[in-house]
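Given as structure tokens, the chain that follows is alone and in the form predicted alone.
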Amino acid sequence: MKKYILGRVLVAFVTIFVVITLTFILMRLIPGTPFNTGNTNMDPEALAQLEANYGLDQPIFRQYLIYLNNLLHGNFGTSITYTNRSVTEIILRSFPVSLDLGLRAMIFGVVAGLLLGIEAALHHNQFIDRFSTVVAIVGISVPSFVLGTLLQLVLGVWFSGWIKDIFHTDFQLFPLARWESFRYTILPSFVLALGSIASITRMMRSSMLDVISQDYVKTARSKGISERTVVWKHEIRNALLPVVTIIGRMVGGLCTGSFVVENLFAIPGLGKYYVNSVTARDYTLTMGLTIFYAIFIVSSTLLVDIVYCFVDPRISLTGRRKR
């Protein structure tokens, strides 16, 4: 077990190192600099001074070594776009908002996905099964910005207008944007969660149908065990194992936020800063956020891989199922 964990940790570190290197190279391959984006009116001396302040006048390899050394000391650098603000400060201020949104979406997605998948399998080829199929297709096919815009129009504008006409109040149950009280979290959480609902529903349904046809389930029923016990202890419990894997993979993506959803609903999370940093060629902020995303996602994946070995004893240390 120790050898397996050490191997997974090593792979995680290599992955993060590759992400750091590729991000650094790709950012430097972009023509120009954050201070020279085609504006020919900038004074050459002023441009040279700005580049020197941020170390952009150094050879590329030296810049890379300096950046690696700073990362080892926990220093992501200072943002070029947001003056006098460190990347670490921006992450500490905005990540809790993205984490809050991601946790809400994850909880909603896991609960709704599991329930739909279980009901679809238990009522195969019935209405709930067909309904779950429709939900899965919509969740996978419809982009989040399209779904978000439609919900803003229908629930945020039309529905609020009906409420105002009927009850003569300006109370808005589904606000269009911002991140304040619980009401403001409903629409963005649902939009972000729909993809997870679709994936979990499909996986849980197929896993349940596979388990239901197994001999040990038929044997349990033939012994006279109650249907409730068979469903909970034999079907759902064994069908959950494959689903645990995809849920773990979703944690990193959901908890680091969604660029599209955060921008659509004006949520002050990491997504806003990431989009702005790419547009402004803010090297330090783009690289810092990318590396932060990578560390978070790789860490969550590593944790799931380790936990899964304890959850399913059939998994050997080589990652294959024991027969």
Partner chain sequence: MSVLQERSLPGEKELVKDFTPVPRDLAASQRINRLSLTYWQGAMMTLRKNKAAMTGLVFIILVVLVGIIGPILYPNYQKTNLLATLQAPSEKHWLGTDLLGRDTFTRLLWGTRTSLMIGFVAETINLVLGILYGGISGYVGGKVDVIMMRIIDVIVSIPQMIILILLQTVMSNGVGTLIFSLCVTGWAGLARMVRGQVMALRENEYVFAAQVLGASRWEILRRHLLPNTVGPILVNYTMSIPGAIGAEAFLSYIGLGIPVPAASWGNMLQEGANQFPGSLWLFFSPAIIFALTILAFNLFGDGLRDALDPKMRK
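No experiment lies behind these values; they were computed from the predicted model shown. Positions refer to the first chain, counted from 1.
The form predicted together with the partner chain is left out here; the points below concern that form.
(message) Each of T15, V142 and T149 within 4.5 Å of the partner chain in the predicted bound form, by any heavy atom, yes or no?
(response) Yes, all three are in contact.
(request) Work out which of the listed stretches, 107 to 115, 222 to 230, 149 to 157, 165 to 173, brings a heavy atom within 4.5 angstroms of the partner chain in the predicted bound form. (result) Contact-bearing stretch, as computed: 149 to 157.
(message) Even though the partner isn't displayed, in the predicted bound form is V304 close enough to the partner chain, meaning a heavy atom within 4.5 Å?
(response) So V304 does not count as contacting the partner chain.
(message) Does any part of R281 reach within 4.5 Å of the partner chain in the predicted bound form? Heavy atoms only, please.
(response) Looking in the predicted bound form, residue contacts with the partner chain include R281, since a heavy atom lies within 4.5 Å.
(request) Look up in the predicted bound form whether I137 has a non-hydrogen atom within 4.5 angstroms of the partner chain, and give yes or no. (result) I137: yes, in contact with the partner chain in the predicted bound form.
(message) in the predicted bound form, does Q63 come within 4.5 Å of the partner chain, counting heavy atoms only?
(response) So Q63 does not count as contacting the partner chain.
(message) Give me the residue from A266, L68, A48, V275 that has a heavy atom within 4.5 Å of the partner chain in the predicted bound form.
(response) Contact residue from the list: V275.
(request) Between 5 to 23 and the partner chain in the predicted bound form, list the residues on our side with a heavy atom within 4.5 Å. (result) Residues within 4.5 Å: V11, V14, T15, V18, V19, L22, T23.
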